[in-house]
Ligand SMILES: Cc1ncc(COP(=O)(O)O)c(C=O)c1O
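Starting off, we have a lone chain in the form predicted alone, written out as structure tokens.
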């Protein structure tokens, strides 16, 4: 990796010692043994992060699929925040509101799919999903129906708060916290890898829709408040919808009076080459959940966007959405989000992603020449590389062998040693490695991603062949 001037912060050893004593990191195995010392990132430049020892890394996953503008434009964000601090540091949007919340709601509505005009601010993506489920429940109640259930998809991730966790289709995340919020059913996702080779798109779509309708009927349609789906499903490896699937889901929701929620916490604001992926795929949701890209994660802010149909029952006297939080639409966060959207429009970010997605996808598909790579799929700047977790004869690797081949020491650490940060999911059927750089990335970054992945996956493939 490329080394630059070390940080002038407190010594790296001192920071690591303090982190080990006080900082409980998210989803981190705190008792890690035999791993490289904890990296401490101190600076960002464009698509790159620099740690406290001067090592430079290409951020191949926008940290958590969220730093859409990368690590530039800091002076503009700082100026927007400073100006807002001078004017008004905090106010809620309960009994009154403030200009930035009004301006941001109007801006988001102008970018959202047609008919999505009502914007409710939250502090995060998980909170957006929570709010959407509550909104769907209360919408039906306001119309005289008691509907409370949700339908999600297998292997889908929607957040970690108790309601969002209940919608997740990931048993390993749900299990430690059961019993969860009742009642959620799960249906097939759009994973195509490993399906019969002669199955047509029409047959695949028909099977998915039949599975969804069977679940709706089994749960009793009159009890189901919402169906929630990501336009491109993150977990499982950037699963795109087959032709006719979004339209079919919309038709089933209409048939049974169910609200359709597009979870666009990752997909919105340029990641899939459009302001909203649900518009690119003609999903026509009733509710959209967002967060990450709304501010390129330079501020802590999310939003739920609702159609006029969903808003209508709440427009009547005496009815209000019984939900809120202290920090939703915070003036400083809203000012930064407005600046983020201004920059994205000025720089033509969604158009840039749509224009370059073919190049990124083609470069990544060269990895299919490696025996260890089973599939490459995705859209925009959001791709998954599925790795083979079995021997050539089809015998699956044992859990120990999977960890040996695809665990952090074998993959994530090796990539980082070569200057590339990625994410590897090994909790599904086959491991998946992600390529989702900041939306300002271009050919040079694509080259680095593919070159480093080719080298590391070649080593892993050799080790797999030797088992």
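Residue numbers count along the first chain shown, from 1. Bear in mind that the values here come from a model prediction, so they are computed numbers and not experimental data.
A second form of this protein, the form predicted together with this ligand, is not displayed here; the remarks below concern that form.
Of the candidate stretches 211 to 219, 196 to 204, 303 to 311, 258 to 266, only 258 to 266 has residues with heavy atoms within 4.5 Å of this ligand in the predicted bound form.
Proximity to this ligand in the predicted bound form, taken as a non-hydrogen atom within 4.5 angstroms, holds for one residue of 337, 272, 150, 129, which is 129. With the partner omitted here, the residue from 157, 120, 73, 245 that has a non-hydrogen atom within 4.5 angstroms of this ligand in the predicted bound form is 157. Within 4.5 Å of some heavy atom of this ligand in the predicted bound form lies at least one heavy atom of residue 124. Remark: residue 286 does not count among the residues lining this ligand in the predicted bound form, judged by a heavy atom distance of 4.5 Å or less.
Heavy atoms of residue 330 never reach within 4.5 Å of this ligand in the predicted bound form, leaving it off the interface. Residue contact with this ligand in the predicted bound form: residue 292 places a heavy atom within 4.5 Å of it.
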